[in-house]
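Let's start with one chain on its own, the form predicted on its own, as structure tokens.
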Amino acid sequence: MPRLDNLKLRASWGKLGNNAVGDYATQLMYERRTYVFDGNAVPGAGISAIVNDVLTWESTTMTNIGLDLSAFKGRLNLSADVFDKLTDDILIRASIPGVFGRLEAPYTNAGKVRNRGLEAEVSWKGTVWNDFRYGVSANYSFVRNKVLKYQGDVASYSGQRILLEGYGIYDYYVREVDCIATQEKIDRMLADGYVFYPSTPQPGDFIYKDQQKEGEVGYKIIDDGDRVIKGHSYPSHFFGLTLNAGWKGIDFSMMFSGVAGISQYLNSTWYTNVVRNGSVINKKFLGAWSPDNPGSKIPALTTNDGGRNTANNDFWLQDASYVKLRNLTLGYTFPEKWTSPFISRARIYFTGENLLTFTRFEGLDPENGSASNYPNMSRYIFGVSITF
């Protein structure tokens, strides 16, 4: 049995409030407005928003159970936590009919979101051969969010993403690609009574899976009603690894980190099957479908897609998981006998940041929050540190 130096069980519970809606959200406010009087536009005042005088603060309840352990004279350290975070009475603007004109919708306490997960960190350090020091530290977190209450079966949409009760926050909502169209396939589906939106595919276009069943409204119509929830906007897994070593005056360290369980939608002016005058597109599309390349799963190149292949679909939805080498440092500290009596410590070193990225994502950088934003730059630093 390992010799325990420390063992601690932890438990905590807390509740916080949040009133992030600005001032006077419950008060009827007037602002300058123009109205028509006797056929002329004249200045006046009018209300700017519908108000809700029974608003309450959002509340976040956090429950945490943890364990801390150290053993082998501090060489082994472990920390683990299981948590539950429930945010209730989330303040959102309600939907209102257009008959209200320019009035802003009122805030309501209409949302509830739960985040559950675990976090763990373990480290080991030691010395071998008298003067070779080493250390390993790893961490892992898992978190899954779920919308418990929002607008019932009524969803909100943001581009390719959906906000709906029972699912993650803004999961992706896309059509699933079934195959690349051939003329024979198109003719057969048209003869069977299928209707396509936004327009009938041409050879080389996507044909999407018909997700609607016989008897449902929209049966044999392929449109946005065939979309499915697929892929998460936020990662579920976070992990990191740090290695360090030292021998005499030499020191070395490297740090990796990454995420998994996240997708990004990659369809931009340079990652597309739509060719425009003067544009540059990704070389992947050199393998697009053509009569000479009928086995390709990439849609045919075109100058006018008409939305047939750029409708929100899972061809453009990519796994954005990654592992990055964040930092690598190598240094050497000169022996004190070489630098004394005028210099107490002298060290030369090299540091590199964002050196390597391992990912299947085909955009510029899976981390930067957008499919085509400029990637994080690598940096290389050589330095000398002198202490007198």
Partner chain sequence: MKNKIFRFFLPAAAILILGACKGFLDTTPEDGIGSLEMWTTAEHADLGVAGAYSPVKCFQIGSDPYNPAGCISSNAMTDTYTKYAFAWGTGFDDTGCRYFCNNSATTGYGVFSNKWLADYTGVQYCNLALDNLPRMQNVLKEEVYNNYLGEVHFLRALYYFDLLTFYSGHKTQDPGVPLYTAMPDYDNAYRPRSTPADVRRVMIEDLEEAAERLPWRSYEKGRANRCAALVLLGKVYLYAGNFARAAEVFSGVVSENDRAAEPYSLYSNYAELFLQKGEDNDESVFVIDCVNTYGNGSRLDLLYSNRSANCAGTNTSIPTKELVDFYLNADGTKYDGSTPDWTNRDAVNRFFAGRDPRLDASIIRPFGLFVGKDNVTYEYRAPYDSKTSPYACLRSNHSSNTNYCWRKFCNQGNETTIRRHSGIDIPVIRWADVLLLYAEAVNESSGPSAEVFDALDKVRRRAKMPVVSRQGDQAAVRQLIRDERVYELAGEGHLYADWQRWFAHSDNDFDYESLTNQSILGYDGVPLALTQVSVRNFTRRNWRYAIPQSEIDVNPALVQSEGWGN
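These figures come from a predicted structure and were not determined experimentally. Here the rigid core means the biggest group of C-alpha atoms that line up within 1.5 Å when the two forms are laid on top of each other. Positions refer to the first chain, counted from 1.
Another form exists, predicted together with its partner chain; not displayed. Remarks below refer to it.
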Discussion item. Which is the contacting stretch out of 124-132, 262-270, 237-245, 147-155, given heavy atoms within 4.5 Å of its partner chain in the predicted bound form?
Written reply: 147-155
Worksheet item: Quick one: of Ile65, Ile343, Ile47, Leu328, which gets a non-hydrogen atom within 4.5 angstroms of its partner chain in the predicted bound form?
Response: Ile47
Practice prompt. May I ask you to choose, among Gly193, Gly74, Pro97, Gly166, the residue with a heavy atom within 4.5 Å of its partner chain in the predicted bound form?
Written response: Pro97
Discussion item. Under a 4.5 Å heavy atom criterion, is Gly295 part of the interface with its partner chain in the predicted bound form?
Written reply: no
Item to complete: Find out whether any non-hydrogen atom of Pro335 is located within 4.5 angstroms of its partner chain in the predicted bound form, and reply yes or no.
Response: no
Discussion item. Quick check on Arg33: any heavy atom within 4.5 Å of its partner chain in the predicted bound form?
Written reply: yes
Worksheet item: Does Arg102 reach its partner chain in the predicted bound form, with heavy atoms at most 4.5 Å apart?
Response: yes
Worksheet item: Who in 40-62 is close to its partner chain in the predicted bound form, meaning a heavy atom within 4.5 Å?
Response: Ala41, Val42, Pro43, Gly44, Ala45, Gly46, Ile47, Ser48, Ile50, Val51, Asn52, Asp53, Val54
Worksheet item: After a core superposition, would you say Phe358 shifts its C-alpha by at least 2 Å between this form and the one not shown?
Response: no
Discussion item. Please determine whether the C-alpha atom of Tyr35 is displaced by 2 Å or more between this form and the one not shown following superposition on the rigid core.
Written reply: yes
Worksheet item: Aligning on the rigid core, do we see the C-alpha of Met62 shift 2 angstroms or more between this form and the one not shown?
Response: no
